[in-house]
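Okay, so here's just one chain, in C-alpha cells, the form predicted alone.
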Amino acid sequence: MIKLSNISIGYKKESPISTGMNYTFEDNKIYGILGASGCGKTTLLRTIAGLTQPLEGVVTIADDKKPYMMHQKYTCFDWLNCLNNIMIAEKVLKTGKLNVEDARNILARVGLEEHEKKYPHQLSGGQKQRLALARTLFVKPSIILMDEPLSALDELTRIQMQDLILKTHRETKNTIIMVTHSREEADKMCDVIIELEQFKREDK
C-alpha cells in the first residue's frame, strides 16, 4: 500500500506542478497514469520512489517496501554485457540470489537470448529498453514504478512486452504504477487509470 497524504509535487515550492494530492494505491494492482506532457507524471513517480522529495505532505509505503523504478531514459550499464546487465540488479540489491539461468531465462522472455554477450552500444533503442525491462522483472520487486516502459518498441514487440508484464504481475502479485501516453495500453493493462491533470481515477 502506498499512501499520498496532501502532497505537492515539483521542484520549487513557489511553483508546484500539482498540489493537494491524496490517494491510496492498493496492493496487487496495476495503475496507469495518463496526462499531458508537463503535468507531473514523471515527477509523481520520482516522488513515490523517494528520488524527489514532496514540496509538502507525506508519502507512506507500508511495510517499508522499496519501490523499483524503471526510468523513461532507461538505464543500461555500458561496461557490462547484456547478461551482466541483468545480474547487476541482484548485486546492487545485495540479495545474494545470483542465478545465471534465471537471468538467461528473462533475457529469452524479452527476446534477447541471442544477445547475452553483446554490450548496450551494440543494441538498438528498443533492445536497450527490453534489456532494462528484463532487469526490472528479474528482480521481482513488490512495487514497480514504470515511466513509459515500452515507448521505444514497435507495435508487435510492445504487445508482447505488455503480455509479459501482465504475466509477471499475475505470478508475483506485485503493484505497478505505470506512466503511459497510450490510452489503449492503459485500458489493456491497468486495473485503475488516473488522469493526473484532474487527479481522477477510473476503476474497472
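From 1 onward, residues are counted along the sequence shown. Quantities reported herein were computed from a predicted structural model and do not represent experimental measurements.
One more form of this protein exists, namely the form predicted in complex with a small molecule; it is left out here, but the text below deals with it.
Colleague: Have a look at T175, T168, T136, T43 for me and say which one sits with a heavy atom within 4.5 Å of the small molecule in the predicted complex.
Modeller: Residue within 4.5 Å of the partner: T43.
Colleague: Using a 4.5 Å heavy atom cut-off, which residue among I30, M70, A49, C39 comes into contact with the small molecule in the predicted complex?
Modeller: In short, C39.
Colleague: For the chain seen here without its partner, which of 56-64, 137-145, 158-166, 31-39 has a heavy atom within 4.5 Å of the small molecule in the predicted complex?
Modeller: Looking at the other structure, the answer is 31-39.
Colleague: Taking heavy atoms and a 4.5 Å cut-off, does I17 contact the small molecule in the predicted complex?
Modeller: Contact with the small molecule, yes.
Colleague: Heavy atoms within 4.5 Å of the small molecule in the predicted complex: does Y11 have any?
Modeller: Flag for Y11 set to yes.
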